[in-house]
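One chain comes next, on its own, written out as structure tokens in the form predicted alone.
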């Protein structure tokens, strides 16, 4: 089969070449990959990956072989999948059945590929706050893939979503998705919040923590800023207005029982994924070499499989 493998010195650090077929373990299903949408974490990991590694966490496809232990989706089912051991940028991959969920027959492959990491991360993060009905929930980096899903899911749960996105042109869309108020910077947020999801890190995490009401938590879910966090002296000295506040880290791979939630997200046609820029997977290395620019929404790569030679067609869509 064909797969993208890390190759130092090549365009985008990748080469599309023939590799051995995956051999599933008893708890794994064999999936024919139809589409994948590179995540920031996928791209950040490329530089440190050993030569010959097949990158790629998640995507959409069809089960070719069910798991030998009898668990998970059956052969022929359309699925969304997640495997943080990577190996997703390939025509076929083995996936733990616990990280593979059935998808509707009428859902486009490209739409499904945008869901596993971003939407599931957003869902699990929002759930950590318990009931958010009528409470202010801050989302920093709200225009990102995870942020967009978090805005929608929090608003559906009754939260008064405070969305922070640097690009003011995205604010009307965030309000359409359910944001109660929008800001270009945390400095403009004037009232304390019940909880916060920070997708940027650096000074944003410091400032989000400062906005917490007593007993509230900020979830450090992303690190897009690539900067250190420097908390000022006294930031953790509590008084009646700042007691019991906390910061917690987040790692999707340690979250249990994700398959049911991935299936729920995949089956919801009202969940807005934003614009989708669909491209043939042969353009992956060129896109990465050019800086992995995302002019509008998620970039999704459609895999060409020998059984479906017409898959190379690509074009912009919105769901």
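This structure is a prediction, so every number in the text was calculated from the model and none was measured. Positions refer to the first chain, counted from 1.
From this point on, the text means the form predicted in complex with a small molecule, which you will not see here.
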request  = Give a yes/no on whether residue 167 approaches the small molecule to within 4.5 Å in the predicted bound form, heavy atoms considered.
outcome  = yes
request  = Would you check, heavy atoms only and a 4.5 Å threshold, whether residue 67 touches the small molecule in the predicted bound form?
outcome  = no
ask   = Would residue 121 count as touching the small molecule in the predicted bound form under a 4.5 Å heavy atom rule?
value = yes
query = Does the small molecule get within 4.5 angstroms of any non-hydrogen atom of residue 144 in the predicted bound form?
reply = yes
request  = Work out which of the listed stretches, 222-230, 173-181, 86-94, 186-194, brings a heavy atom within 4.5 angstroms of the small molecule in the predicted bound form.
outcome  = 222-230
query = Which listed residue (30, 259, 271, 252) meets the criterion of a heavy atom within 4.5 Å of the small molecule in the predicted bound form?
reply = 252
